[in-house]
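Shown below, as structure tokens, is a lone chain in the form predicted alone; questions about how it binds or moves come after it.
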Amino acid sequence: MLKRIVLLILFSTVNLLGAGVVSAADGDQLYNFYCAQCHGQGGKGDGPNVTQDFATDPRNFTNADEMQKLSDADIKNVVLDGGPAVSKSALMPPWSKTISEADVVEITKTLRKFCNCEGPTG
């Protein structure tokens, strides 16, 4: 009986943990899970983690003038390597150990929807 209870608890825990896994194919979900805390649900840089004493404003992804200057490779680099790797704020952490390159591609598609723009190619 004890074995059944332990297995039931273990199975329930695994199911709960698995429920939190975000699909690689859904850039909106990935963005909401990893990015929205600082960049906001709508990408305006107004997430709930941003306070008045924040050292810098997170990037506003709805600003097409600024976003169209960034290539998809630029975005990928800052997401994977963090702000300091591209001479930006250390508040932007490196996500390379957490987010796969395939997931960054999907997140980038979401960012492009926010700005309704494309970056430079090549």
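In case it trips you up, residue 1 is the first one in the sequence shown, and so on. Not measured: the values here are computed from a predicted model.
A second form of this protein, the form predicted in complex with a small molecule, is not displayed here; the remarks below concern that form.
The shortest heavy atom separation between residue 47 and the small molecule in the model of the complex exceeds 4.5 Å. Residue 58 belongs to the set of residues with a heavy atom inside 4.5 Å of the small molecule in the model of the complex.
Contact annotation: residue 105 falls outside 4.5 Å of the small molecule in the model of the complex, judged by heavy atom distances.
Interface membership of residue 89, defined by any non-hydrogen atom within 4.5 Å of the small molecule in the model of the complex, is confirmed.
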